[in-house]
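So this first bit is one chain, no partners, the form predicted on its own, shown in structure tokens.
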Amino acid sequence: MKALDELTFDNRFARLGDAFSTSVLPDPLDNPRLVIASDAAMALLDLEPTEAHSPVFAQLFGGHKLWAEAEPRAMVYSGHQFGGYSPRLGDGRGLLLGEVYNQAGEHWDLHLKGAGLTPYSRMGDGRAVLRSSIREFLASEALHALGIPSSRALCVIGSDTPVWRETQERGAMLLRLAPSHVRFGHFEYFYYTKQPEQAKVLGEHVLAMHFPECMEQPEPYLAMFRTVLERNAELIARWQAYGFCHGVMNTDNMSILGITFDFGPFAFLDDFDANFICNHSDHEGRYSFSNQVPIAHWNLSALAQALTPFISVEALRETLDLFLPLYEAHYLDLMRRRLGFTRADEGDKAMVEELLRLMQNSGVDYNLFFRHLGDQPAAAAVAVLRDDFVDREGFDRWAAAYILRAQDGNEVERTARMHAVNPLYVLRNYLAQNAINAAQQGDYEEVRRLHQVLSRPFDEQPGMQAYAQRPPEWGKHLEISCSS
């Protein structure tokens, strides 16, 4: 393991030059202090967990100090936001401090969010507030623990710096990690600004750094696009299977690696509602839970358009046609596992669709339903769960079919199998809000406790029953906007 001053930098994206990013120094926070750090994320950089408590840690990730080898850059990109094209976006409050490689040879971007004004801040102040930084930290680490690909969060640094949103809040910085912060919007930027040479430089960089296996194919760019599509099909399947709502699926928030990226007004479903909108600013419901699948397809089409200088339109269309079948295959496999099935059956799709139809408007807690379905033998479990459903007769018919399908081995194995994929603990909005309320008063213990619980979402943890309960009514109606 390493100390902070022993990190090894290799700033590959910075070397692409000023057409791709702008050199900017972080704007330091006043009185920076550690709110929370992830030991698991620190291990990705081979860092000792104790390093988080050293005085220099808050100085580095609060903008006061830099490694000599760091080259902070604000990346430029564009994107489709709520369906409309924004020609020049970029890192408006974030900086790519540099790229670090660990002892295993993995490269990790160190991206500091809330670092102050950049040339791409537009009308913003370049800052992040404590609540949004805590939410992103908890979300990225919680999704990773659930097996959902995500950027990672190393730490949150709090401060005394005043920041105005709806009211005055405290500024914070979040250090997030990912093998790459290249987005769909990077390719769109160079396509729509008619910079074919720079688009090729970007494409060759992404191929070499992140898709080297595609360079061996007859058409490397087509192979890359298909890989991006496959990864996104699996990612969205995992979101849908576990009831995760991203909230702002703009193309500038879509990672070229197919990982969950740029958290804002996210939420996990409490009561199942296919039409749930987690973003208070999404007045038309573009990014509702049920729309995440078609919007992902739409975003991939936008990326495909930006890749037309390198790939034929016919090949792009054929590849785009693979998205829905791939998504459905991944989604059904995940739902079979959540239901405890050990084999596929041609009626599984209809069984899942009927269950979700019955859940709709019945006030059924989405994730706890699957957890409790595995607590007892199938017949006993459905007998208890039927009380949550409005259409009891419909549920009884579904339950009878389910009991027949669930007879694939002994019940002890079934429970272990289901509990291994059905979380007891998920990041509910009200749990995050409780932790944020305490943190805003200077008490970080609840943030840290919640993070520890969510790092083992499938394991029953003694004394943590309060985190596995259905939310109170007020907790189901929290309004989360893009500034959150």
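Model, not experiment: these values are computed from the prediction. Position 1 is the first residue in the sequence shown; the rest follow in order.
FYI, the form predicted in complex with ligand AMP isn't displayed, but the following is about it.
Distance criterion of 4.5 Å from any heavy atom to ligand AMP in the predicted bound form singles out 77 from the list 287, 242, 77, 221. This chain is displayed alone, yet in the predicted bound form one of 99, 252, 188, 270 has a heavy atom within 4.5 Å of ligand AMP; that residue is 252. Stretch 119-127 is the contacting one of 119-127, 301-309, 330-338, 385-393, since its residues have non-hydrogen atoms within 4.5 Å of ligand AMP in the predicted bound form. Within this chain, residue 141 is remote from the site of ligand AMP in the predicted bound form, having no heavy atom within 4.5 Å. Under a 4.5 angstroms non-hydrogen atom cutoff, ligand AMP in the predicted bound form has residue 92 among its neighbouring residues.
Residue 397 falls outside the set of residues with a heavy atom inside 4.5 Å of ligand AMP in the predicted bound form.
Interface membership of residue 376, defined by any non-hydrogen atom within 4.5 Å of ligand AMP in the predicted bound form, is ruled out. For the candidate spot formed by 81, 165 and 262, every residue has a non-hydrogen atom within 4.5 angstroms of ligand AMP in the predicted bound form.
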